[in-house]
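Okay, so here's just one chain, in structure tokens, the form predicted on its own.
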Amino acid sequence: MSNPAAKARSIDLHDAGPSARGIGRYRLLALVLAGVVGLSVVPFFGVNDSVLLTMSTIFMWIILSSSWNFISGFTGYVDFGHGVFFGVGGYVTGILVAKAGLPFAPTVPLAALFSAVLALIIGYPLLRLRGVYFSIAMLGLFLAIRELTLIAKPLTAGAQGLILPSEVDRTFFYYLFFIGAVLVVSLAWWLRRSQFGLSLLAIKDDEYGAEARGVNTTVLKLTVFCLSAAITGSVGACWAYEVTFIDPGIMFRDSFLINVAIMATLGGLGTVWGPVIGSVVFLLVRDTLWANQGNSFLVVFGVFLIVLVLFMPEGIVGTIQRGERTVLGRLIRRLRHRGSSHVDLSHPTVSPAPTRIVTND
């Protein structure tokens, strides 16, 4: 015989779930909108250029880690040579501004287009590779393009570099990267909920199974690879104009490959907010350790990253959302379950009595 009270509690928990999730989404949306509005008026409060430079750098890395997350987090194709598009975008703008005399604005879409075309050309053969083979191939491409820019001196000026005529306006670059970060995160939010994004996640889970279900994996992988390359190339173009000097060592930095992968992984691969949170945490922790630990900050920072990976292999957002495979994730889920059960059970809802239908029969 079933217990009516237990039945009432189970019904209440079942019915309260969607409404509670809906309230949580509205609160998150309100929090995000408040954050966007607050960040959009920061330059009006008289902050100095140092603060604007720090915040615009954080926005820039949010764009870069999010674009890396599109190909590596959603499809599982870990791109260790993604910095090649950053360097190519920077050199497209550098050459067009410094040598052709074009203004900055029209060079950004050209840099994005050139990066996307390059991704289309190299992506068609390389995306047929899987796992570590794709990662190594992209790393080899990164090194090859960097050496090519050193050799092509008539076009790139080699190791001497190119000087771009630019006006240092921190407010302009603050809004440039801030708007870019908002657009890219919005794109990730749409991608996570669209059929296109779900197909990419299906490729990550089981590419053969996705192909068997009729998903055109080649077209989807190429599309998101070109999209990611175009975003990264446009950021490289903007950054080259901001620093006013570029050479192969600056535009094709090895640290770029490491930083962008750590930020996205730290926050949570395949999530919307993972690259955002990962970029903020990474930059704040790195700069804080660098300021306090001096030359030994890399040792402390390395230990910090090892501990994070051990206890949160799903990343910060991944641990909170689906971290049942980690000790910390299971603890968070247990605490959240206790909280929701306490709220629901304190206000039990009694099910209405069934209506008896009386007939003449």
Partner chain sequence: MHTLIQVVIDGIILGGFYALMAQGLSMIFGIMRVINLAHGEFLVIGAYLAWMAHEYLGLDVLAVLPILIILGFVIGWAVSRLLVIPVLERPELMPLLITFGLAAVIQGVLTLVFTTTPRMTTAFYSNSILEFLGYRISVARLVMLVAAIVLLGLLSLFLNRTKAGKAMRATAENREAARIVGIDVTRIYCAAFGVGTAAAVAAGALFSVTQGFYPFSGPLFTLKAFVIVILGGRGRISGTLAAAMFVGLIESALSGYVPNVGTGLGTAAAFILVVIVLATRPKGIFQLRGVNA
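Bear in mind the structure is a predicted one, so any value in this text is a computation, not a measurement. Residue numbers count along the first chain shown, from 1.
Unshown form predicted in complex with its partner chain; subsequent notes refer to it.
Heavy atoms of Ser199 never reach within 4.5 Å of its partner chain in the model of the complex, leaving it off the interface. A residue is said to contact a partner when one of its heavy atoms sits within 4.5 Å of a partner heavy atom; Leu269 meets this definition for its partner chain in the model of the complex. In the model of the complex, its partner chain sits within 4.5 Å of a heavy atom belonging to Ala261.
Within this chain, Pro313 lines the site of its partner chain in the model of the complex, having a heavy atom no more than 4.5 Å away. Shown without its partner, this chain lists Val47, Val309, Val32, Leu53 as candidates; in the model of the complex, only Val309 has a non-hydrogen atom within 4.5 angstroms of its partner chain. Here is the short version: of Val132, Val243, Leu284, Ile163, the single residue with a heavy atom within 4.5 Å of its partner chain in the model of the complex is Val132. Note on the interface: of 148-156, 272-280, 209-217, 186-194, the segment with non-hydrogen atoms within 4.5 angstroms of its partner chain in the model of the complex is 148-156.
Heavy atoms of every residue among Leu141, Thr265 and Val299 are located within 4.5 Å of its partner chain in the model of the complex. Shown without its partner, the chain has Val78, Phe80 in segment 75-96 as residues with a non-hydrogen atom within 4.5 angstroms of its partner chain in the model of the complex.
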